[in-house]
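To begin, one chain is listed below as structure tokens, in the form predicted alone.
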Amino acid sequence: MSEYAPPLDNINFLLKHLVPVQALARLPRYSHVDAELSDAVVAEAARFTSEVLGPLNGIGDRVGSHLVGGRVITPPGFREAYRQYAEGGWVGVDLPLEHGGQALPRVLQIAVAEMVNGACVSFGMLPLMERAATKVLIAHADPALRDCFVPHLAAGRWGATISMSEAGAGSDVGRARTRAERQSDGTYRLTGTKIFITYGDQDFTDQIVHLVLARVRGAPSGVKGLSLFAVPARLVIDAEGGLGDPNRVVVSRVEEKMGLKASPTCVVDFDGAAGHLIGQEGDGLRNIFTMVNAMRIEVAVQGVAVAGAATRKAVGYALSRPQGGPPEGDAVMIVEHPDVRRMLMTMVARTDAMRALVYEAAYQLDLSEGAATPAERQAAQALAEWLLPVCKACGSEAGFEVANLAVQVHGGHGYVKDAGVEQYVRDSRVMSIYEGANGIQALDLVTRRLVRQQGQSYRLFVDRIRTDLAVGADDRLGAIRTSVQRELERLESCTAWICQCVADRPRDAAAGATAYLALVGLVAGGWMWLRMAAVDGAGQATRQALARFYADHLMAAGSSLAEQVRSGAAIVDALTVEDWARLA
């Protein structure tokens, strides 16, 4: 079995039937895209990821990235692969034409990102940072700074980081202590230390642009006092991005991590480093949130990518591993055993549901920028914003849990490195932590997105599901239709309860937020299976069997989740701080 085989059939099915690129191509914003171009992008991405990136995954895990003489050295082959990636134009797939990108739909970028991360998540971390930083600069930097920095980032000639976290300010960024001093020439000098900085240094590019949250002297405490700066690792000496001396930016440590070993996670020290203000002072957190949608959906697709790669390996192993069978006969392949089939069905059903949901969110983001009318664009944006925290949380959890099942299918062979599945478990574990821990995603969904504008985003989500439930009466969809209808009603009841809690008992709402998000994700996955199983043509019988499994086995969790939503804070507050101290 090769190192990585992209799920081309699944991707092409979605791009043709559930999130049709052809429909986007009829919009003026995407008129340069057609089926031939879409197919070519997907096919070339599949070739590159399977031939170039796939073989690096195991190497990167074994060798890792290391700090040598103050610089990060990446594993063998990574630098050459990045050069090919940049020269192929992959960094700028969905970036604007006027800034050096290709202006392709977000949903095509997500398809590419799935294959990149399925082949090697550690590699995919740097392009993710580059795209996010580029979008922030396009949206908020003054024209001179934008025009100097963005073309180099979009082309992959420069790398980038998002430098937010500090030792005392992780998710609570308002406690950041990095400071910025205004200079007479309009620049700033930044001093402080940032931690957990992905690709804080690397040997791929000659320049790295750090997007740094810092507090200008005299600014208020909390998030309102934060500003955003572009701090280059090397000084920029002209408007074209010419490079001068090293800036006062030092990588002092590369973390030893559980997974993603080839992706250097750095401690970065700024010691009076020259930086350029992005936007206005005090707008730092608001400006950095431009990247939130990009980061959430990219982490979601990382989870889907790992789940897909792990599932393929597990299915291949189950088809080739003889074990058990009649005492007097030949051993049968383990795919014949009911419990193994249960695990494989769970893996495929969860992975395919989440893939479809992530692609749907990307499709809505495309419509939010290109739909024909302002009302259509606004509705698409609202639906996408509802789906994004669900995609991030449920996608990251699916990646880890499906990878765990892959190890179980492999048995003892899965626990050792040779099979190549235990790495998926280690690499995916952090996905539910970074770019907004999943508990924070749940709180965001409950306390902000659910109640914003009288629940518009939620109602759009529910109305879309009800519309699809009302279409057709195919008996083969009876199980999934019934389950989606049942769990949607359960979700509606829980939503009413949560909304009341947000207004009157916010701690009860917070206690049930994670279960509520999981219930939304469960219903959303059923919605995706309802739509996929309804598509006529090749593979329909398989899709309908998987939809039935999702309905009968996975959606049964809805009743338990609903009980957790309504349990309130009393149960989690039953122990006092002193009780916890005695247990420590």
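The shown structure was predicted, so the numbers you read here are calculated from the model rather than taken from an experiment. In case it trips you up, residue 1 is the first one in the sequence shown, and so on.
Although it is not shown, the form predicted together with a small molecule is what the next lines describe.
No member of the trio Leu27, Ala356 and Tyr363 reaches the small molecule in the predicted complex with any non-hydrogen atom inside 4.5 Å. Distance criterion of 4.5 Å from any heavy atom to the small molecule in the predicted complex singles out Met164 from the list Met164, Ala141, Val251, Val407. Of the candidates Gly272, Gly170, Pro96, Pro506, Gly170 is the one whose heavy atoms come within 4.5 Å of the small molecule in the predicted complex; the others do not.
Contact annotation: the small molecule lies within 4.5 Å of heavy atoms from the stretch 155-163 in the predicted complex, the single such stretch among 155-163, 462-470, 216-224, 310-318. Although the partner is absent here, Leu243 lies well away from the small molecule in the predicted complex, with no heavy atom inside 4.5 Å.
Residue contact with the small molecule in the predicted complex: Thr198 places a heavy atom within 4.5 Å of it. A residue is said to contact a partner when one of its heavy atoms sits within 4.5 Å of a partner heavy atom; Thr265 meets this definition for the small molecule in the predicted complex. Although the partner is absent here, Tyr434 sits close enough that one of its heavy atoms falls within 4.5 Å of the small molecule in the predicted complex.
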